[in-house]
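Take a look at this single chain in C-alpha cells; it is the form predicted on its own.
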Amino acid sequence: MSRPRVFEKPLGMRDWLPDELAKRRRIEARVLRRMAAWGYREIETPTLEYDETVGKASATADDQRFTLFDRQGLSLVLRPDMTAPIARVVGSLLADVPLPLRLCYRASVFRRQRKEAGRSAEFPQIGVELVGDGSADADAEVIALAVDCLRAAEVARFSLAVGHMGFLTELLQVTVPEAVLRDELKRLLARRDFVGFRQAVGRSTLPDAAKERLLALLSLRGGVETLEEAARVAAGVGCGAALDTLRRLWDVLEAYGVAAHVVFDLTLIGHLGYYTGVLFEGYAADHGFPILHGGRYDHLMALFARPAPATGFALVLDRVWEVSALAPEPGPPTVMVVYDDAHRTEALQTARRLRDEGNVVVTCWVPDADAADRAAERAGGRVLCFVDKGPAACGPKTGREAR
C-alpha cells in the first residue's frame, strides 16, 4: 500500500474553505434559532463512544462503523449517528428530568462507505430529538419543524416523503413467509431499487396473490388518497393501526399548514434499524440524495434503561449547503493597520481599540515606507499607516490614511 501524499486526506472526508464554512455557519445559526423557537435546547455529546453501547445501539452495520481501541482494550467508535448518544444522555444524566424532552444538536457523524470513491464518510448534521411523546401529534411536530428549518435555510423547493415502518413490516411479514426473501426485498427498497424488487418478486415462488400485493406496494406513493389505496392493498394484513396514525398525522400537518410539502411513500424504509413507526425523508429539487431523514424509534430508549417513545430528524448539512440560496453574511469592512518598528505600540493599541469597536482589523509590519505603500496598494480597503515617514507613507496617491 502506497503512503498518502502530504496534501491528501482520508477517503470520504472533506475540507471546508472559509467562504463555504461561512455559508454553512449561517445555515446552522438560522436553523438553530428555529429549533429554539420550538422549545428545543442544544446538547453536545463526545465524538468517541463505546462500541458496545452507543455503537451497537445505533443499528449501523459493523463494517460501516469506524472503530478503535483504548489503552484498556475497550472498543471505541466514532459516533455513527446522534440519536443513540442522546438516548444515552437522556437515560443517565437527564434521568431525573421529566419527559417529554426536546433536544437539538449540531455535530458530525461518521460512517464508512462500502464503495468510498465519491462518497462522504463524515456527515455534518443538525437535528432534534423529541423524547417521551408517542402521539401522532409529536410525529407531526417534528415534520412541521423540519419544514420550518428548510425554509430557514432557504431551500427553495423541497418535499418530505412520509411512510410508516409498521405498515411495511407487517405487510412483508404476512405476505412473505420466507425470511431470506423478506430481507432481500427490504434491502432493495432501502436502495430504492424498484426494478430489482420487481425481479425478485417475479422469480420467487410466492402465490400470485402475494406477488400482486407486493407489486401494488410500489404504487403506494402520492397524496392523502394513497392511504385509501394502501388500505385496499393491505386488506386482511393488519396494517390498520399504522394507517390510522398516518391519517391523524395528515390532519395535524394540515393544521400546521405544511401538508403541501408532504407526500406519502409507503415503500419508505429507514436506513437505520431502530425506526418503529412514522419515518420520513426530505428531498430538494434537482438533488439526487435525501437532505434530511427522521422518524420514530420507540424501542431505543429501553436500551439505556429509560423506556420511552421518541422521534426526531437530522438535516444533512453538506447537502443542505448545496441547495440553499443563502449567501455568507457580509461582515464589517476590514481595516489594515500598517506599522514599522518605531510605531509598533501605537499601531497595535489602535488595532485593539478598533476591534473593540466592532471592526475587523488585520495588522501588517513593514520595514520601511516603500513597503508600507506596497502593502496599502494590495489591501484594497481602509488602511492606517504608522511608519517613520509620516504623512508621506502610503502616499497621497493611494488615498490611504496616515497617522
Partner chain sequence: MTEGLRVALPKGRIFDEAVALLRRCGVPLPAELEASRRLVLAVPDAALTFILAKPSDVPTYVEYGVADVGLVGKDVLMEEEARDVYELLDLGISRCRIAVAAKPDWRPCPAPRVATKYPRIASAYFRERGQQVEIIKLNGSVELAPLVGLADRIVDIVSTGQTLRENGLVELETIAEVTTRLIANLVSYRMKSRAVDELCARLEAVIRRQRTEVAP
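Rigid core (definition): largest C-alpha set, two forms, superposition within 1.5 Å. Numbering follows the first chain given and starts at 1. Remember, it's a predicted structure, so these values are computed and weren't measured experimentally.
A second form of this protein, the form predicted together with the partner chain, is not displayed here; the remarks below concern that form.
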Just checking whether P124 would be counted as a contact of the partner chain in the predicted complex - the rule being heavy atoms within 4.5 angstroms. no
Taking 4.5 angstroms as the cut-off for heavy atoms, does S159 touch the partner chain in the predicted complex? yes
I'd like to know if F304 sits close to the partner chain in the predicted complex, meaning any non-hydrogen atom pair within 4.5 angstroms. no
The partner chain contact in the predicted complex: V195, any heavy atom under 4.5 Å: yes
Of 329-337, 97-105, 261-269, 73-81, which is the one stretch near the partner chain in the predicted complex, taking non-hydrogen atoms within 4.5 angstroms as near? 261-269
Is the partner chain in the predicted complex near all of Q199, R221 and Y283, within 4.5 Å of a heavy atom of each? yes
Tell me, out of H287, H299, R248, R182, which residue has a non-hydrogen atom within 4.5 angstroms of the partner chain in the predicted complex. H287
Given a core-based superposition, decide whether the C-alpha of E184 shifts by 2 Å or more between the shown form and the other one. yes
